[in-house]
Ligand SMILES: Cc1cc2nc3c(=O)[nH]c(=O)nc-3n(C[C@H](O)[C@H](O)[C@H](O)COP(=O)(O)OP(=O)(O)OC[C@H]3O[C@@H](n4cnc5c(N)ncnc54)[C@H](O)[C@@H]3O)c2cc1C
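Shown below, as structure tokens, is a lone chain in the form predicted on its own; questions about how it binds or moves come after it.
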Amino acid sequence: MSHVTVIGAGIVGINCAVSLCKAGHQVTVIDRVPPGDGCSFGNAGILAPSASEPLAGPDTLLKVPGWLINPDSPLFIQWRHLPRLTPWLLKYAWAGMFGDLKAAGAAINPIMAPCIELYTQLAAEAGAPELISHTGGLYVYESEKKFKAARASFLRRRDYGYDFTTLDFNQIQEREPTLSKIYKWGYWVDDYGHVTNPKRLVDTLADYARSLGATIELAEVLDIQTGPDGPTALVTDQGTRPLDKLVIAAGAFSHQLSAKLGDKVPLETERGYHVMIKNPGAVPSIPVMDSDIKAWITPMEEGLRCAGTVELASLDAPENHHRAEVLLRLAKRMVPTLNADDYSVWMGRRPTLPDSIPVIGPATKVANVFYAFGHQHVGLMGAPATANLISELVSGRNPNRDISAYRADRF
């Protein structure tokens, strides 16, 4: 078998390392930060096999103008970055209004559907089964109008064999009595689970990869040296590393590397925030989404995490503390008895493509390079299935399904 270098030690890159090691490859993972210290550190921890809808759609796009004038809304754009963002926003709007949303969902679903099954197996193999909790998930609404409008989205889950249950006020309170009484309507989705500590999950899988023979190095990739048959070496701040085969799984930075290889992918930085509340007191036992703000509260080992919303800016833009304040206020509103005296805030950069479909597969201009990036909100969920596809491709095996929807040159 070959030697494979993986750029990126987030949840996607580490899953790739595990899968490649299992296939018999020698693996080196390179990242400028330790495993899980990037975007994978701060997600909401949600495992949602049935949540396969693309981010853009006519219903969503109609809400955007109202969101943009409300600083507390699910979407915020730092306006000084608008000139640079405009080409991506136009592609995003086109995909939502004129793209084949059913085909996009069909492409997203196969990498989402097995997430709980695959993580349950991986966590058990790595010696930490308690990291995966299959609890279900709850969407709650203050407005009956918005509750009814969301029903079509939940009905579409039945296309993939999933179902849901509607809940009234009494059923919501019976299931989760710590929730505020402002929520009168809800949807219960039984197939959901969650990760009890996303950072520890990455660390645990990184240790598992090492036990399978992988090496993980801290280094910043500066350039890729290329010969007639493809890349031959990585230039890093720690020296030059020779290459046999290369997997690019560097999250929001991946398009900068793919562009060096001739694949210009319209990847944008979709910034997300979280507030981690320690010693919160009595809280819901399951993940709950407030469907106005589009943010989750998730019970975790370290307390209660409130995570979500979208901010479009740039990779190097400073944190917007107001977005974290919105989440803290939301958590207090959702759980009126919440003890929020001790909390921390975080911002991460989610790699998002206009059609919501990740890039998974071989580079189009050079040999011996494979891409695994652009998973937007579903990087945690899509990582194990993505890794299995990458392992098959690197090993020279044809996947048992069509993966053309993930190609890098589709734009």
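Predicted, not measured: the structure shown is a model, and the values here were computed from it. Each residue number is its position in the shown sequence, starting from 1.
Just so you know, the form predicted in complex with the ligand exists too; it's not on screen, but the next bit is about it.
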Since the chain is shown here on its own, which stretch among 225-233, 304-312, 136-144, 277-285 would lie within 4.5 Å of the ligand in the predicted complex, judged by heavy atoms? 304-312
Selected contact from 190, 319, 220, 72, since only one has a non-hydrogen atom within 4.5 angstroms of the ligand in the predicted complex: 220
Note which of 55, 366, 30, 385 lies within 4.5 Å of the ligand in the predicted complex, where distance is taken over heavy atoms; exactly one does. 30
Would you please decide whether residue 378 lies within 4.5 angstroms of the ligand in the predicted complex, comparing each non-hydrogen atom pair? yes
Could you confirm whether residue 50 comes within 4.5 Å of the ligand in the predicted complex, counting heavy atoms only? no
If you check in the predicted complex, is residue 253 within 4.5 Å of the ligand, heavy atoms only? yes
Check residue 18 for me: does it contact the ligand in the predicted complex (non-hydrogen atoms, 4.5 angstroms)? no
Sequence-ordered list of residues in 269-291 near the ligand in the predicted complex, where near means a heavy atom within 4.5 Å: 272, 273
